[in-house]
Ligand SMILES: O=C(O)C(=O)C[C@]1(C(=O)O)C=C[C@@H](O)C=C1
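Consider the single chain below, provided in structure tokens and representing the form predicted alone.
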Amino acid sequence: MAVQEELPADAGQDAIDQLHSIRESIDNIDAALIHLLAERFKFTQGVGRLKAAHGLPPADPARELMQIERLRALAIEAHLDPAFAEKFLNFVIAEVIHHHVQIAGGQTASGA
């Protein structure tokens, strides 16, 4: 169910058109992010299976720290708040570790 945004009566058509165009770009980027995350999780599932098959621990704190530092630097280069990038990556890492634990326990990590 789509909800129609109510804009002020004095909003010009140019501004409304521009707003819709920008939002369409945002929607496209959101879709791309979801697809990229899905692709990333396909690879991390493979890592989880490999770790489980060889008795390796689900988490790798040294690798995680390295990734956080790398993504913080990338965020700075991209003019993105590095604290936000770190929070986002920490969320992703936590989900990956959760999936690795499930895989190691013989469960299927669904949807990722």
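What you see is a predicted model; the values in this text were computed from it and never measured. From 1 onward, residues are counted along the sequence shown.
The form predicted in complex with the ligand is left out here; the points below concern that form.
J.: Consider the chain as shown here, without its partner, and state which of L50, M66, I76, A59 has a heavy atom within 4.5 Å of the ligand in the model of the complex.
T.: Among L50, M66, I76, A59, a heavy atom within 4.5 Å of the ligand in the model of the complex occurs only for A59.
J.: Report whether the minimum heavy atom distance between K87 and the ligand in the model of the complex is within 4.5 Å.
T.: So K87 does not count as contacting the ligand.
J.: Classify R70 as contacting or not contacting the ligand in the model of the complex by the rule of any non-hydrogen atom within 4.5 angstroms, answering yes or no.
T.: Residue-level check for R70: no, no contact with the ligand.
J.: A104: heavy atom within 4.5 Å of the ligand in the model of the complex?
T.: Contact check for A104: no, nothing within 4.5 Å of the ligand in the model of the complex.
J.: Any residue of 78-105 with a heavy atom within 4.5 Å of the ligand in the model of the complex counts; write them all down in order.
T.: Heavy-atom contacts to the ligand in the model of the complex: I93, V96, I97, H100.
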